[in-house]
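The form predicted on its own is given below as one chain in structure tokens.
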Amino acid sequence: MDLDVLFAGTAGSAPTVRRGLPATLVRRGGERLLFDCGEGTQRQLIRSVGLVEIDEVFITHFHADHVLGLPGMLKTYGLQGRQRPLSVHGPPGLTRLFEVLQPLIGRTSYEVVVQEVQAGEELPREGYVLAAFAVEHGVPALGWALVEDERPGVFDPARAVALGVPSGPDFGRLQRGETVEGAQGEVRPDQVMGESRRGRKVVLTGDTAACEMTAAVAHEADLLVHEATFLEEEAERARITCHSTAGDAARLAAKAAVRMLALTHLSSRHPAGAIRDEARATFEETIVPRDFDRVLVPFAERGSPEHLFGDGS
């Protein structure tokens, strides 16, 4: 099953000519999950993948640059005649936010389901969970981790034949976890299946200082999307505002042994190259995606995450 991450908005606090406000689209198979929805998100989606019907929205916190795109996008879905319910998840206070936004959104042709989520809560889905975890931003704020279920090990057909299982439907039953009859008695799946293989993990922090909780949740993640609002020369300001430097994020990525680090929430004060260079001095597998770039996240046995450049025009 394909899994990729589209960076629809990579600026921090204020948009620039080339960077929109925070929004990240995770696509897993046919599912479309949007993390944060800064002002202009619907236009960013139109410019990249089209204004597809998002399945669920996940908000990290309620600062304006992360939520002001919601009213317009929800209104547009209504104008398009959407019928499927849309779930929006976020920290405590989300219900109050929607009460404030209601005059802007108005009536919709579909149900908007608002769900407040506590840090440590897991939302089970088909084949994966979405785990909310606490980050450090000075206000109620969540990071989100998409963690896939373990997958069965690799089936060994030669071993099955050696145990007297004929090639055919019984091979499929063994791979589904069923016991079958062989020439010399019962054959169990654990006799012909390799060790279970881990699923993929994508972690998105939203705005935060580098913290131990993120390092724990992101342990061996395939992709960590972490903010990098400042450079090391502004470390004190980063600490005071509960943001991170590029170096902070890189040290955390190295500690967590992630496969790839993507830095977002960039300030217009710092060139992307400076952010990248500071991080790569500590953690080489760092990228600084532009708007509309993607990262393909394959299963570990099929290769490393791949950074694909979008059309930045």
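No experiment lies behind these values; they were computed from the predicted model shown. All residue numbers are counted from 1 along the displayed sequence.
We do not show the form predicted in complex with a further copy of the same chain, though everything after this point is about it.
Peer 1: Can you tell me whether Leu68 touches a further copy of the same chain? I mean in the predicted bound form, with a 4.5 angstroms heavy atom cut-off.
Peer 2: Answer yes; at least one heavy atom of Leu68 falls within 4.5 Å of a further copy of the same chain in the predicted bound form.
Peer 1: Determine whether any heavy atom of Ala158 comes within 4.5 Å of a heavy atom of a further copy of the same chain in the predicted bound form, and answer yes or no.
Peer 2: Because no heavy atom of Ala158 falls inside 4.5 Å of a further copy of the same chain in the predicted bound form, the answer is no.
Peer 1: Can you check whether Pro169 is within 4.5 Å of a further copy of the same chain in the predicted bound form, heavy atom basis?
Peer 2: Taking the distances in the predicted bound form, the answer for Pro169 is no, it never comes within 4.5 Å of a further copy of the same chain.
Peer 1: Answer for Ala14 alone: is it within 4.5 Å of a further copy of the same chain in the predicted bound form, judged on heavy atom distances?
Peer 2: Judged by the heavy-atom cut-off of 4.5 Å, Ala14 is in contact with a further copy of the same chain in the predicted bound form.
Peer 1: So which of 246-254, 53-61, 259-267, 40-48 is the stretch with heavy atoms within 4.5 Å of a further copy of the same chain in the predicted bound form?
Peer 2: Answer to the contact question: 40-48.
Peer 1: Pick from Val117, Ala131, Cys211, Leu97: which residue has any heavy atom within 4.5 angstroms of a further copy of the same chain in the predicted bound form?
Peer 2: For this set of options, the contacting one is Leu97.
Peer 1: Identify which of Met193, Val112, Leu101, Cys242 has a heavy atom within 4.5 Å of a further copy of the same chain in the predicted bound form; exactly one of them does.
Peer 2: Answer to the contact question: Leu101.
Peer 1: Would you check whether a further copy of the same chain, in the predicted bound form, lies within 4.5 angstroms of a non-hydrogen atom from each of Ser87, Ala141 and Asp207?
Peer 2: No: no residue has a heavy atom within 4.5 Å of the partner.
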